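This document opens with one chain alone, in structure tokens, the form predicted on its own.
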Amino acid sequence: MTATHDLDLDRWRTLPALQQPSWPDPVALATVYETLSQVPPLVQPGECDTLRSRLADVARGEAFLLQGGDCAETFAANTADGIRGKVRTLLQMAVVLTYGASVPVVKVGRLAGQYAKPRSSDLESGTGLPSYRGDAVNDLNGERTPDPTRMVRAYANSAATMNFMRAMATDGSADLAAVHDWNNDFVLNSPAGDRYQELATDIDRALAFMRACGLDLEKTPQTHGVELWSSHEALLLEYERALTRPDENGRPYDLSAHMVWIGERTRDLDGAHVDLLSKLHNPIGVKLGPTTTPQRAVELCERLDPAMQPGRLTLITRMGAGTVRDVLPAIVQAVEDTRGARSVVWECDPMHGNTFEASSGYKTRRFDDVMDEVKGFFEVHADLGSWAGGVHVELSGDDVTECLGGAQQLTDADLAGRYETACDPRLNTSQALELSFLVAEMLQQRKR
């Protein structure tokens, strides 16, 4: 059996394709494409449709999107403990939002596929080596030559992560009765951990009351399990295309994840990424940075979601704390004036616009800047009457020291303690919980 090609789906091959590795061996790349085009899909079309329905609720202002996980997943860190830690952090944040703001939360992991990263240069300054583009492309600690066979390893690791995530969602690990168990030891004595413990105790009392009323909680999906979805940036076009399959009606889905997004560096309106994703039936996202014009935002919406299908499109804004209040209003206004109110999901990525190099040489982010961009995002949407529908964060389930500040008051000198990211700095669990309490408070204010 050979890999199949579709003239329409493969039109992207004739267009500028940014941020693609310089694969040295086209024959090896073709062999990998052939292999990936025959492996089982990681998700199913019906699951993607269900997520799109949940995101339609978000767009209407009836739910909130929580999307988070690793900046760049690595093969070495793809362990049960690593996955469990990130999933538990997401669950903790979701509990804070659900019970702190009385809003349903759509939980999407930045997991099970985030193995490729865009870079500003093909060569790394200082070493002259090819830039590290994620474990799906090359080895951070090796000689960095892009190797297409690593995409097969990325698929295998993604499959293992998906399997573990599915198990956690249904085997009782996500049961609300275990809400206290999600707290990591290193978070327990932090201010955010203390607030979380108080909330968990209130949930315990509520569950005890429900049991006393005769409700069988093990038969109640809302308390015994969760819906947990996967997502990643659709960066490596050969990988995404190979895992694109038709459903029973012939509609193409990228079955590498439930949701995929186009990054800030690859959102060229006439480029390969926009062309391919415009033809998929998954829920999709697109990152919008501070150089985005209102007209370009509208054009991207029309190209990626011409039918204005509810839940189809998520606009992930990543402006930076100092820019969000100035640039975002005109973009939101243009999109909602052109396409109608609450026609897309508006989501805030408060991470990527706030990155800088500390005096110690580490790439980092100030937690106060992250918090301020989220505040600005909510302020803009409150002023316009639009729905601030979600947050998209890079986080770890471990006590890493990669972002400055927070209740732990991490300083430049602390960064070296546990700086473990393969690419960009992530929030640790304590900081992630602090952020979720802030978001819950702002959601409460919007509902008043």
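All values derive from a computational prediction rather than experimental measurement. The numbering used is simple: start at 1 and walk along the sequence shown.
The protein also exists as the form predicted together with a small molecule; that form is not presented, and the subsequent description refers to it.
Peer 1: Answer yes if any heavy atom of Glu394 is within 4.5 Å of a heavy atom of the small molecule in the predicted bound form; otherwise answer no.
Peer 2: Yes, contact at 4.5 Å.
Peer 1: At 4.5 Å between heavy atoms, is Gly82 in contact with the small molecule in the predicted bound form?
Peer 2: Output for Gly82 is no: heavy atoms all beyond 4.5 Å of the small molecule.
Peer 1: Determine whether any heavy atom of Cys71 comes within 4.5 Å of a heavy atom of the small molecule in the predicted bound form, and answer yes or no.
Peer 2: Cys71: contacts the small molecule in the predicted bound form.
Peer 1: Find out whether any non-hydrogen atom of Trp261 is located within 4.5 angstroms of the small molecule in the predicted bound form, and reply yes or no.
Peer 2: Yes, Trp261 is a contact residue.
Peer 1: Using heavy atoms only and a 4.5 Å cut-off, determine which of Glu347, Glu233, Glu373, Asp254 is in contact with the small molecule in the predicted bound form.
Peer 2: After the contact test, the surviving option is Glu233.
Peer 1: Which one of Arg150, Lys287, Arg241, Arg312 is close to the small molecule in the predicted bound form, taking close to mean a heavy atom within 4.5 Å?
Peer 2: It is Lys287.
Peer 1: What stretch, of 73 to 81, 139 to 147, 113 to 121, 335 to 343, brings heavy atoms to within 4.5 Å of the small molecule in the predicted bound form?
Peer 2: Looking at the other structure, the answer is 113 to 121.
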